[in-house]
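Below, in structure tokens: the form predicted on its own, a single chain.
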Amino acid sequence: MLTVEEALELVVKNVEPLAARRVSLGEAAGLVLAEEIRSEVNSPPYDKALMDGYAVRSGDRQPERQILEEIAAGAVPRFPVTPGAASRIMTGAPLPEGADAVVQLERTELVSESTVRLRQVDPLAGQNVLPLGAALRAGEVVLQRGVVLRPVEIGILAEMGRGVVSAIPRPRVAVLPTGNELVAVGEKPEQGQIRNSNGPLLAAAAARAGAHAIELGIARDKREKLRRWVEQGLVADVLVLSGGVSAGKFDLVPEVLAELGVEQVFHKISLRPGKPLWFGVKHDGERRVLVFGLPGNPVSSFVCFELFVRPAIAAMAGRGFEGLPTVRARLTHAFVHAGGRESFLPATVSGVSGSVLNVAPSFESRIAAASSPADLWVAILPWQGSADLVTLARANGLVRLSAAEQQLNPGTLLDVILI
């Protein structure tokens, strides 16, 4: 069987970024920019006040000034500032002609409705003023191709009047759990039935990975019905199935996929949990659909998604083949690993104080605060196997252990994937 690394290499070879398309700013947040953006405007488009106060000439030393007008943000100055004069100005308003500094309001005293006394009579040129084009100049490259469009980039595009940009779209991920034993979440299971947890779990995981998730429903273990569901899923960029990929009588997924022209890349890997993992590709003209057949047990399904599907989604979205962050942490207790397959075991990562690490949504800042592995500790949780979602819910990490049999002592340094 393939190792995890060998299987990952095969996925990498078969994944490509999606073709860019024009999108509005309203749908661009989180996408990868597919074009270079040059500014067509100066920002700010005029010299503007950074404080409420009075616009003055910096070389004029007269303490008392005639007030020419009041200039609000969005207004156009009507009078040039001449020696012995000043204009009341609000933050963000354009400086009038002749003025090159702003004396903030707290350094002035109103003598009458038409006269102001300046307690600061020697402002430097440019004081409390943001010059035209200080932030960006027309023709300047503002955003490079390949940047992720965060809220700040969306704001910059809006400032420049770019309501539509070229970006790599979110991959569409169709989720299809299979099995005669499954019933919908809102139904009461009869004897021998269980509720469909994999559909919502995998759809939520796909959405967290930056994809547009589509739950197709539940496919039964009947060849023709399964085929119709799979045909619907192959319209997406990625089809994620759960169940039906082992070696049982009703494990029909690999056969149906082959009938529909999906080429198998690998089936089964040396992984616990997740050995039955299936991966293939459907070529449809210039379209390429990635197909992942995940094991039916929910923990196995989740682990395989995070190890293989998540980084594939990131690559298709133009972010590169990236998975969840990995940290190094010291084991808090002795542990015997039976070996046989590489394993990813639910665990809790905690800081040196003993507080459990909160990895969502700001795990990056928490990890940055840990300057060395000595700052992090990990405890492997006792879990009841691949169907035990409750223990997985208590975990914030997956400890990665090699296929070798091992006796691990307290303080052993381990790799942990944060979930």
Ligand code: AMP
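Counting begins at 1, following the sequence as shown. Only a predicted model underlies this, so the values are computations on that prediction, with no experimental measurement involved.
The form predicted in complex with this ligand exists for this protein as well; it is not shown, and the discussion that follows is about that form.
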{"item": "G274 within 4.5 Å of this ligand in the model of the complex, heavy atoms", "value": "no"}
{"item": "R195 within 4.5 Å of this ligand in the model of the complex, heavy atoms", "value": "yes"}
{"item": "Any non-hydrogen atom of D251 within 4.5 angstroms of this ligand in the model of the complex", "value": "yes"}
{"item": "Exercise: G293 in contact with this ligand in the model of the complex, heavy atom 4.5 Å", "value": "no"}
{"item": "Among the candidates Q127, S166, T108, S246, the residue which, in the model of the complex, approaches this ligand to within 4.5 Å (heavy atoms)", "value": "S246"}
{"item": "Sole residue of P346, G233, P171, P298 within 4.5 Å of this ligand in the model of the complex, by heavy atom", "value": "P298"}
{"item": "Interface stretch in the model of the complex with this ligand - options 279-287, 257-265, 138-146, 177-185, non-hydrogen atom within 4.5 Å", "value": "177-185"}
